[in-house]
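In the block that follows, a single chain appears as C-alpha cells, in the form predicted alone.
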C-alpha cells in the first residue's frame, strides 16, 4: 500500500468515514472511493463498493481492467442508549459482547456513572446535544429507554433525521401513539416517525430487564442483517 493511500485511510478512519480501497490485482494500481458519500461517487465500482460495505465483507470483482480487489473499511458498529436505566445495564453488556461500541446518554448523573456501566462511554449532556455530537451514521443503532418524553423525544428528533440503521423506543402501543402525536407536533413527518420501532424489541414475552435486553438486541441484529441478506440474494449463486 502506498504511503499516500495509508495516510488517507487513517484520516478517513479518524473521521469515521466508510471507504473502499480498490486494488487492481494485475497492475497493482490502487485508489480509494466512497460509495456511501451523500454527494455520490463517480467511481464505476460504486455499486459493488456499496455492497461490500453493507455486507461488511471485502471481495474481488472482474472488470475490463482485470480483477480488482475491493477492501471495505467500515465504520464501527455503535449502539447509543438513551437512558441509564435498568434495561440499559444488561443491554449495554450484551451489545458490547456482540461487537458494538456502546454509548450511554443520560443527563441524570445519579444514574449515569461508571459503577453501573463499567468500561463504557457515558455522556451526561442533554440527549439532543449528545446525539448531534455523536453523529449517528448508517452503522448506528439508537434505543430510547427512559420512558420520559423530556429525555427520549429530543434524542429521537435528532435520530430520525440521521442515517441510523435502527431506532427503537421503549413503551406500550398507547405510549407509542402519544409519542407520534408529540413528534408530529414537533415537525416530524409520519414517514420519519415511522422509522421508530416501538414497542422496542422482538415479541418474545420478555419480562425482566435482561429478557427485554435480549429482545432488543435480537431485533437490532435482525434489522442489521436483513439488509445483508437482501444484498446476498442479489449475488448469483
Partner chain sequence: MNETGTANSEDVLNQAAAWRAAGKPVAIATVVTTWGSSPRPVGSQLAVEAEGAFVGSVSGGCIEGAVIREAMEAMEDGKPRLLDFGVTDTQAWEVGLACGGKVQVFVERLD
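Residue numbers count along the first chain shown, from 1. All values derive from a computational prediction rather than experimental measurement. Basically, rigid core = biggest C-alpha set you can superpose within 1.5 Å across the two forms.
FYI, the form predicted in complex with the partner chain isn't displayed, but the following is about it.
**Q** Counting only heavy atoms and a 4.5 Å cut-off, does the partner chain in the model of the complex sit next to every one of 9, 13 and 71?
**A** Yes: 9, 13 and 71 each sit within 4.5 Å of the partner chain in the model of the complex.
**Q** Flag residue 57 as yes or no: does it have a non-hydrogen atom within 4.5 angstroms of any non-hydrogen atom of the partner chain in the model of the complex?
**A** So residue 57 counts as contacting the partner chain.
**Q** If you check in the model of the complex, is residue 78 within 4.5 Å of the partner chain, heavy atoms only?
**A** Outside the cut-off, so no.
**Q** Consider residue 28 of the chain shown here, and say whether it contacts the partner chain in the model of the complex, taking contact as heavy atoms within 4.5 Å.
**A** Yes, residue 28 sits close enough to the partner chain in the model of the complex that at least one of its heavy atoms falls within 4.5 Å.
**Q** Does at least one non-hydrogen atom of residue 24 fall within 4.5 angstroms of the partner chain in the model of the complex?
**A** Judged by the heavy-atom cut-off of 4.5 Å, residue 24 is in contact with the partner chain in the model of the complex.
**Q** Considering the partner chain in the model of the complex, find the one stretch among 63-71, 206-214, 173-181, 186-194 with heavy atoms no farther than 4.5 Å from it.
**A** Heavy atoms within 4.5 Å of the partner chain in the model of the complex occur in 63-71.
**Q** Note yes or no: does the Cα of residue 175 move by 2 Å or more between the shown form and the other one after the core is superposed?
**A** Not so; residue 175 is displaced by less than 2 Å.
**Q** Classify residue 27 as shifted (yes) or not shifted (no) between the shown form and the other one, where shifted means its C-alpha moves by 2 Å or more with the rigid core superposed.
**A** True for residue 27: a C-alpha shift of 2 Å or more.
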